[in-house]
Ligand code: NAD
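Only one chain is given next, in structure tokens, and it is the form predicted on its own.
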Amino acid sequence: MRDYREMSFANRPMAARKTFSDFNPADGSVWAEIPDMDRQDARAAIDRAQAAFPEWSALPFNKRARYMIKVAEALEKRQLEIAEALVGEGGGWFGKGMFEATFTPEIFYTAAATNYAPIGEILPSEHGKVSMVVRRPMGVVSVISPWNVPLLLTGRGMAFALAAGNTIVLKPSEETPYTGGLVYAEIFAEAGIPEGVLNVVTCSRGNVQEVGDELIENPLVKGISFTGSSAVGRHIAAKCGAHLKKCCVELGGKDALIVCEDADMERATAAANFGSFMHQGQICMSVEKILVQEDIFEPFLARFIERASMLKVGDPSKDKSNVIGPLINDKQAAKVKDQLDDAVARGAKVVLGGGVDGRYIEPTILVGVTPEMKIYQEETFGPVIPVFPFKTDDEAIAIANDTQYGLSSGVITRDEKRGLAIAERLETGMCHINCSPINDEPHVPFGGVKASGVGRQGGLWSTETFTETRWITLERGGRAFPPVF
């Protein structure tokens, strides 16, 4: 068991203060003891970030870029260790942990590169002025990160804001306080980042409300980056609106994969298998509806079942070949089981899986799902996937769009023109033709529409979100004032 009681953040020593237990979801054992901070700690962290802001924002752009590179390099040195921590703390497959540990350094390399990109433009002026649009950092930015892909999503939430000159107060999920939070405190210290630029606030579920409110309501906080559920995201966005603060909220999804009759069967079933069951379906971009054209429905279903049946279920910390690990906690497992039970009770048929053993749920494929079932409309966030037949592209688009969410989507077809035509009509922030809805790169605009969020993360879009736009002019044209003045 790891013990972080001696760590000091937010200007208050954590020794002899309260802690909470961080559990390994695979077996319920205590993985770490974590400082349980409160609103006073959060306020002190914000004050510390504010104190560090003038010096950090005044650094030459290339120096902040070099610091981002140092963070990336420190992450790379600890990739294997971090991947194993992701398995132990989050219950994910080792391959998923390695993906996070190798992808996340690229986020910081990309953030470094944004410091060499244009940060403004020159506009024409009818009065002969030099009319400039420039960007400057906002100040303190609160980052509230999730448990499902904690290292990556925390990194994306703060890297570009940091590179632009903001300072950060980070609250990781109480489910993954180390891989989503405290590991960054270690990494930033190793990279020599000035004190106060990053401040980590960890807390138990009991303190989440008061800590979260401080991270939003404190007048020194100028922007909020949140990744998580739509229910919490709505609450945070509403609070940000009440306080007139900028926010970027990346929320849930009910993402569809549309498989046309001309699809490459191997590509289609691989995309379905990966998209549905990677990390037990606990990814915001996970496939939650598979739509297959009637002419190929039966052969697709047979091959999909064959692929999914080969995925091993078990504790990934004991056997790296266990691809399907536990769901993050009992509450999430109960939610998925409830959706599964409701679907079966209303007439859906289980064609693969269906077994539930505590937090472990087998890869499960359903047919016969109808709109009145919970699993049709609610985000599942688990390894249970319904497959639907469709006749026409119009029908497939209607089913895919029949949800409050709009994050990502996928279309499998050999006809790229057809794929683009379908993509244009899908109500999602992202669409991937001949690939799974699960896609990400550090420099792209990542985000959704409808209940899947507001704003975009990644590259210059993060820079735009977490900087202020200013208009500055130089008078050179001799613009006259009215004679009366």
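Numbering starts at 1 and runs along the sequence shown. Note that the structure is predicted; figures quoted are calculated from it, not measured.
In what follows, reference is made to the form predicted in complex with the ligand, a form of this protein that is not presented.
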So, in the model of the complex, is G253 in contact with the ligand at a 4.5 angstroms heavy atom limit? yes
Taking the shortest heavy atom distance, is K312 within 4.5 Å of the ligand in the model of the complex? no
How about F381: is it within 4.5 Å of the ligand in the model of the complex, going by heavy atoms? yes
Quick check on S229: any heavy atom within 4.5 Å of the ligand in the model of the complex? yes
Checking E362, D393, E106, E174 against the ligand in the model of the complex, the residue with a non-hydrogen atom inside 4.5 angstroms turns out to be E174
Note which of L182, I324, I412, L153 lies within 4.5 Å of the ligand in the model of the complex, where distance is taken over heavy atoms; exactly one does. L153
Have a look at 373-381, 78-86, 393-401, 313-321 and name the one stretch with heavy atoms inside 4.5 Å of the ligand in the model of the complex. 373-381
So which residues in 293-328, when you check the ligand in the model of the complex, have a heavy atom no farther than 4.5 Å from it? none
